[in-house]
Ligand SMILES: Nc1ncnc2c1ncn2[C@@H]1O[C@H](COP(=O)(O)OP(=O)(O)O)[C@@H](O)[C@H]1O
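In the form predicted on its own, a lone chain appears below as structure tokens.
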């Protein structure tokens, strides 16, 4: 059974129809990359999946749990929070709390949400995750004492702290210098090799080709092309896909 099923997802902002009926499935352990020009709906799709935005129509199902269907829009905040736990979100701008250390940023959500876990267990898991990110010597540093790449790795550890079913990245390297991009992509690649289920919105075409099981190319709110990297990136059928890739693969 698919871990994620998205059916006919639609979203409008005023009269601007950003998502025009998005449907796709994902298997557990897969890495799915979403490509497309700015304004194609990639980030809106990601935000609708974890209910940071409320879709107008469609259904979202994770592990057989119906997260969203159009007739149930007025979810209470505690219900929303519970449904969002299916997803871990890593943002472009890291979104770390500046007043907390790296370790405190990672363990904050589990302390608030995981009532069945002891504080010592949460603390130990936070340390393990930061060590996994190569940050064992930066646990007590505040965000302003970390490089952009280190901050993004803290953000990845934080997203993993709640054991989400699916880890989502919204252009995770767009705020980083090219020199720092590699260290974040290395971490994502390692997660992919460990069969972490991931959705990555990215402009890093070569990286998407390398780590993805499946590629979705979005254009003007629809899925213009979908398939393995060998098809979508190396042998695209859609003219819009070809045009988009020609700007990146010169």
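Just so we're clear, the structure is a prediction, and the values are computed from it rather than from any experiment. Numbering follows the first chain given and starts at 1.
Another form exists, predicted together with the named molecule; not displayed. Remarks below refer to it.
Worksheet item: Is residue 63 one of the residues lying within 4.5 Å of the named molecule in the model of the complex, judged by heavy atom distances?
Response: Because no heavy atom of residue 63 falls inside 4.5 Å of the named molecule in the model of the complex, the answer is no.
Worksheet item: Is there a heavy atom of residue 58 lying 4.5 Å or less from a heavy atom of the named molecule in the model of the complex?
Response: Looking in the model of the complex, residue contacts with the named molecule do not include residue 58, since no heavy atom lies within 4.5 Å.
Item to complete: Answer with yes or no whether residue 197 is in contact with the named molecule in the model of the complex, where contact means some heavy atom within 4.5 Å.
Response: Flag for residue 197 set to no.
Worksheet item: Is residue 234 one of the residues lying within 4.5 Å of the named molecule in the model of the complex, judged by heavy atom distances?
Response: Residue 234: no, not in contact with the named molecule in the model of the complex.
Worksheet item: Non-hydrogen atoms within 4.5 angstroms of the named molecule in the model of the complex: do 91, 150 and 155 all have one?
Response: None of them does, since no heavy atom lies within 4.5 Å of the partner.
Worksheet entry | Segment assignment from 41-49, 207-215, 22-30, 178-186: heavy atom within 4.5 Å of the named molecule in the model of the complex | Heavy atoms within 4.5 Å of the named molecule in the model of the complex occur in 41-49.
Worksheet item: Can you name the residues of 2-18 that have a heavy atom within 4.5 Å of the named molecule in the model of the complex?
Response: Heavy-atom contacts to the named molecule in the model of the complex: 13, 16, 18.
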